[in-house]
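The form predicted on its own is given below as one chain in structure tokens.
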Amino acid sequence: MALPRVAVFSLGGTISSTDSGGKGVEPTLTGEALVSDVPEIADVAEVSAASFRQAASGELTVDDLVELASEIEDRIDEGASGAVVTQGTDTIEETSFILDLLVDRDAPVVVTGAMRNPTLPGADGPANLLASIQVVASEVARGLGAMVVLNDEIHAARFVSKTHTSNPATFRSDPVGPVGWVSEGVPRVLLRPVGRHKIALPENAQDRPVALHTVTLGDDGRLLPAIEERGYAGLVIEALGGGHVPSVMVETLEDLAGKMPVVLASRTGGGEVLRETYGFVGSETDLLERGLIHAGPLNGLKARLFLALLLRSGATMEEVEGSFGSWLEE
């Protein structure tokens, strides 16, 4: 029987970083080199590898990932069973979320990387790459959308977050946990998230930058007027607790919400923003009444990307609010 065809796209990051004679490691290994270093892959799939970008993950842009999503769809349409993307772990949760929203195919997309570069004992890149290809080549992963596979765990893009600077078990998915795992080379999928959220972008869609502001103790909001002045098209506020800000910020946020979408998320990293528990000035009830948009279960990082892609798609203020609300309707 013919092996499944899997497209591998390398973007750089720790998994491809080696000592090039500088002060530390840098991403230098190509996608082809990453695949050739794991001979076991040849028993799992027929792989085509490409170096799509060669950079630290902090250098990636939304434009890069919009282009990558299109390339992935093309490969799937040409017969690939799915795609694996390798990159730095710093922004994997954001890359996977964008691909989950943009790649409108049942074929799986897995984003992976490494916490230990190839020069270190116990480098985890080869094992993560092999496990990712095993997941993509498996029928059980179809329909799951984009995933993150590291440390033999399978995480849905909508839930996953990086939670530690250096631990190989850094990726977690609150509140549901991993949707599956890889054991003895066999992917196991035990949970399937309900619903799929997709955004279609018109050709030549323009960048609509969205700012992210995390509220802190004593925050007086003096940075907020610069959001509009600097040309941002939207704002996500990572508020305190269930969706609260100091009262001194309220009028500025209300003014901004009359000019652009302002989405209310929580900085806690878990749970959804409240709607009607607290009534003080700066509470979630007060802010929603002033025109802010409820982020639902999305954290600030993902709410920012969701809003940015919605704005690129040409969504109106009402459509933006409805799209955020759909996360809680499933």
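A quick note: this is a predicted structure, and the numbers were derived from the prediction, not measured. For every residue, the number given is its place in the sequence shown, counted from 1.
In what follows, reference is made to the form predicted together with a small molecule, a form of this protein that is not presented.
K.L.:
Looking in the predicted complex, any heavy atom of Gly234 within 4.5 Å of the small molecule?
P.N.:
Close contact is absent here: in the predicted complex, Gly234 is far from the small molecule, nothing within 4.5 Å, heavy atoms only.
K.L.:
Given that the partner is absent here, does Ser57 sit within 4.5 Å of the small molecule in the predicted complex, heavy atoms only?
P.N.:
Output for Ser57 is yes: heavy atoms within 4.5 Å of the small molecule.
K.L.:
Using the partner position in the predicted complex, report whether Ala114 sits within 4.5 Å of the small molecule, counting heavy atoms only.
P.N.:
Residue-level check for Ala114: yes, a contact with the small molecule.
K.L.:
Given that the small molecule is not shown alongside this chain, does Asp90 nevertheless sit within 4.5 Å of it in the predicted complex, heavy atom to heavy atom?
P.N.:
Asp90 belongs to the contact set for the small molecule.
K.L.:
Based on heavy atom distances of 4.5 Å or less, which listed stretch (203-211, 96-104, 81-89, 255-263) is in contact with the small molecule in the predicted complex?
P.N.:
After filtering at 4.5 Å, what remains is 81-89.
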